[in-house]
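The chain below stands alone and is given as C-alpha cells, in the form predicted on its own.
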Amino acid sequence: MSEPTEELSTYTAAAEVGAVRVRRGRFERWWLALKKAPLSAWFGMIVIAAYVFVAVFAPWLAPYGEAEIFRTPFAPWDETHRFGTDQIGRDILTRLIYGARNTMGIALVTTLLSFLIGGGLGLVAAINRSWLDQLLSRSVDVLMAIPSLIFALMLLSIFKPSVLSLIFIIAVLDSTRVFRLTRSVAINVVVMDYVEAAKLRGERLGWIMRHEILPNIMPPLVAEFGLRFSFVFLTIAALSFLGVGIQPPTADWGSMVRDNASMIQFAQYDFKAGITPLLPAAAIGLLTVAVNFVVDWFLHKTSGLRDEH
C-alpha cells in the first residue's frame, strides 16, 4: 500500500497557546443571547418595546388632548373617534395612549423605589446579623401578614389620594417582598472568603454591598424586578378601578375600565361599543403576559440550565 501524500493535521499545545483569542464585547454577547431566545421571549420584548414607544411619544401619537372633552358622550366608533368616547366625551384612543405613559411610568417609579428600600435594607440585614436583622425581619413579617391590597386601600383612604402617596404606599408595601428575597440570596454570599477579606481590609459597608455582594446576586434580583413590576402594575390598575388610585383627569387604564364598564350591556345592540371597556383591560393583560415571558427566559438563561435538542 502506498503512503498518503497529505499529512494529517495534528493538535499541538504550542499552537493552542499561540492562538489569538478575542474577547467578545458586552453588546456582542447580548446579541448572541438574544438570537438564541425563544419566540415567547421575542414576543414579550417586542410588546414591551411597543408599549415603551407609545408611552414616550404619547403627546405626538395621541390625536387629541388627554383631558379634551367633546360634545357627544359614548360616541360610536367612527373616523373622528376611532374607539369612540367615554361617559363625559373624552376620546378613548387618546386616553389609551396617555394611559400607557401614566400607568407604566408610575409602576416603574414605584418598583424602583421598592427595590431601593427593600434591597438596601435586605443587604444591611444580611451583613449585620444582629438585633438590627431581627428587628427588620420581624417588621417585614408583620407587614406581609396583612393583605397588601386591603392595607393599601386603608392607607389611601386615610391619606389624600395622589400620585406621590400612591407611589410611596405601594413601594413600602412591596419592598417587603424585595427585602425577603434580597436577604435570602445575600446570606449565602456574605459568608464567602472575598467578603470576609473585604471586611478585614477595612472596607466600608456600602463598598462591600456595591462591589462584593450586589454583583453576585443580580440575576435573581433582575428577574424579581420584572415580576414586581407586573404586580405593581396590576395593583395600581386595581386601585384606580376602585377609585383610590390615579385620580382624574389623568388617564389610567384601571379607571378607564371602571368608567366605561356600563357599555358592556350595550354589546347586543352595538358590538364595538360593548368591547370598548375591554380595550384597557386587554392592554393591562398583554403587558403583564409580555413581562412574564421575558422574565421566564431570563430566569432560564441565568439558571445555567441548557435545552436538550
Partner chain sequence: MHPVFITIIKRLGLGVLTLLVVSAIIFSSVTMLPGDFGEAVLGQAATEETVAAFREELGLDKPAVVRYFEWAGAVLKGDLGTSFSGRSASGSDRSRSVAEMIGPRLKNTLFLAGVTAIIAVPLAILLGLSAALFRNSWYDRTVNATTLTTISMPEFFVAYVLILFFSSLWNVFPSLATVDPSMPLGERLNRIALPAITLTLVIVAHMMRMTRAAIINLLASPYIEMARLKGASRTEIILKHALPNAWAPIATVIAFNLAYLVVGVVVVEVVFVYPGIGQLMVDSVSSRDIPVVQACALIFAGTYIILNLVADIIGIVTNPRLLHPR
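Numbering follows the first chain given and starts at 1. Here the structure is a predicted model, which means the values were calculated and not measured.
If you look for the form predicted in complex with the partner chain, you will not find it shown, but the lines that follow are about it.
Exercise for the section: Kindly indicate whether Ile46, Ala100 and Phe115 are, all three, within 4.5 angstroms of the partner chain in the predicted complex, using heavy atoms. Expected result: Result no, not one residue of the spot touches the partner chain.
Problem - Exercise: Val289 in contact with the partner chain in the predicted complex, heavy atom 4.5 Å - result: Result yes; Val289 sits at the interface with the partner chain in the predicted complex.
Exercise for the section: May I ask you to state whether Gly274 is within 4.5 Å of the partner chain in the predicted complex, using heavy atom distances? Expected result: Gly274 belongs to the contact set for the partner chain.
Exercise for the section: May I ask you to state whether Tyr51 is within 4.5 Å of the partner chain in the predicted complex, using heavy atom distances? Expected result: Looking in the predicted complex, residue contacts with the partner chain do not include Tyr51, since no heavy atom lies within 4.5 Å.
Handout entry: Phe168 within 4.5 Å of the partner chain in the predicted complex, heavy atoms
Key = Judged by the heavy-atom cut-off of 4.5 Å, Phe168 is well away from the partner chain in the predicted complex.
Problem - Partner-facing stretch of 152-160, 179-187, 87-95, 102-110, counted where any non-hydrogen atom is within 4.5 angstroms of the partner chain in the predicted complex - result: Contact criterion met by 152-160 only.
Problem - Listed residue that, although the partner chain is not shown, lies within 4.5 Å of it in the predicted complex (heavy atoms), from Ile69, Ala37, Val56, Ala282 - result: The option sitting close enough to the partner is Ala282.
Practice task
Note which of Ala238, Leu136, Val172, Met218 lies within 4.5 Å of the partner chain in the predicted complex, where distance is taken over heavy atoms; exactly one does.
Solution key: For this set of options, the contacting one is Ala238.
Exercise for the section: Go through 112-151 residue by residue and record those having a heavy atom within 4.5 Å of the partner chain in the predicted complex; state none if no residue qualifies. Expected result: Contacts from 112-151: Val142, Met144, Ala145, Ile146, Pro147, Leu149, Ile150, Phe151.
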